[in-house]
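In structure tokens, one chain follows: the form predicted alone.
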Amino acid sequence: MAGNCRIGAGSGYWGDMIDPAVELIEHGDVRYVCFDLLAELTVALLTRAKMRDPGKGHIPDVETIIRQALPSARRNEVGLVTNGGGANPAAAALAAARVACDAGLSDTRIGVIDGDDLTDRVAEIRATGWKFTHLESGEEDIDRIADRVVAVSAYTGSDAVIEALDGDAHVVIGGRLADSALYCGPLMRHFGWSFDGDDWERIGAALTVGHVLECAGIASGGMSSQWRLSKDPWRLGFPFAEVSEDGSAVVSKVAGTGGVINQWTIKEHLLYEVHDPFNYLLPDGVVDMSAVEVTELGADTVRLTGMSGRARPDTLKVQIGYEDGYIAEGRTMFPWPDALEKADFCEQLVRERIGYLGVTPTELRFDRVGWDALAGPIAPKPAAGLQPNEVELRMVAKCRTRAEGEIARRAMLLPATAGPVGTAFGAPLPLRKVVALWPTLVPRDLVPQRVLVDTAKEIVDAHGA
């Protein structure tokens, strides 16, 4: 019978802090630390970077993580797992291998996972008769956007993570590994749970634990209603979970670190980004959170029990990124007195100028930062005599073509010279291309995973440098 497994969160997003992960490795008595670095749109953006440079397309944080965390991880026998390979896991592995070699750790075994990138296989998959139906709009297939597709990536599960760890990988780097799979894979391997048996309840528990941990500091007081209780958040402690063989878990953080963990920080994250807690579909299983019990055991220590799960779906979620026009954006500040009235005047000024020049944006938005940028039309007008000291007008136009976008962008400069006295503005933001998402499904058996485990030295030598 396997003993408990302690697994920790190393990051929750691209650009997250690294020192809390190192702290977990050095003082958390953890077996694994997992680094989630991807968001919904990230792979499409990384694919475009890879198209410009074949050596790009992965999250640059991978190198920083290896540089700062690998020496401690090797000393403490802690496995590192990440989806920071993005659109180019091989390039991420090479970058990690070079850093490992520079650190004198050339024997580090790095497992590389790919197979989730379906960009070049769209025609092949459609030829089987499969349709990439839009999960939200119901549009039957991608005919309308097929010539604008830039990236197609499937959310994959724990199978390949387990295979890489079975190959004695110290570091596992994948592409669009689902956030929860980073945690589920190591836990399944540790306890010997299988997709072929009757372990679905325990796999559901592992996925629930992974869901709690995957955003790192959010479970320990970040982005929380508990922010007033969060101590020293500038040195936030990332959470770890000590998981038992029955699937129950205790979530905590290293003693003395910043932040807070209580029943509310955990409950908040249990529901974070979950549309149906009774039927939360993931690549490794279907999670049912309806009976989860969250119990505070003491300061910064919470027990999770009652997790449940069912057999994994026959399909995988796929995100298709496609080009969808251009965004023009401008910002102008207006001072007291009559700041809101000045912003209203300049909204009309910009709207009329864009129309006068013959451009009809597909979307046009004006936000008054300091009044309605978050609340939108439900924001109440300030009472008489309580006018804001200043207001920023954020202007955004989505246009079909670059030429139209450039016209809209220039129109947003007009408040500085044709608007009220006292306006302030910065350099105009550059026009940017829009990559939109088409969420869909693909049969699981059409997404085979590939795993290769080599030492850092072998990876570097294979590339001649």
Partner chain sequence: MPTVHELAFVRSGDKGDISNVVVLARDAEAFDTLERGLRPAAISAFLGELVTGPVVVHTLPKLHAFNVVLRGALGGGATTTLRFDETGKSMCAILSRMQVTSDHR
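Small disclaimer: the values here were computed from a predicted structure and weren't measured. Residue numbers count along the first chain shown, from 1.
There is also a form predicted in complex with its partner chain; it is not shown, and the following applies to it.
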Contact label in the model of the complex: Ser290 to its partner chain, heavy atom within 4.5 Å = yes
request  = Mark His275 yes when one of its heavy atoms lies within 4.5 Å of a heavy atom of its partner chain in the model of the complex, and no otherwise.
outcome  = yes
request  = Although its partner chain is absent from this view, report whether Leu414 comes within 4.5 Å of it in the model of the complex, heavy atoms only.
outcome  = no
task = Give a yes/no on whether Arg400 approaches its partner chain to within 4.5 Å in the model of the complex, heavy atoms considered.
result = no
ask   = With the partner removed from view, which of 334-342, 374-382, 189-197, 114-122 is the stretch that lies within 4.5 Å of its partner chain in the model of the complex, judged by heavy atom distances?
value = 374-382
key: Residue (of Glu26, Glu40, Glu406, Glu63) lying close to its partner chain in the model of the complex, criterion heavy atoms within 4.5 Å   = Glu40
message = Considering non-hydrogen atoms and a 4.5 Å limit, which listed residue (Leu297, Ala311, Ala103, Met223) is close to its partner chain in the model of the complex?
response = Met223
inquiry  = Taking a heavy atom within 4.5 Å as contact, would all three of Lys317, Glu363 and Val435 count as contacting its partner chain in the model of the complex?
reply    = yes
ask   = What residues of 312-327, in sequence order, lie within 4.5 Å of its partner chain in the model of the complex by heavy atom?
value = Lys317, Asp324, Ile327
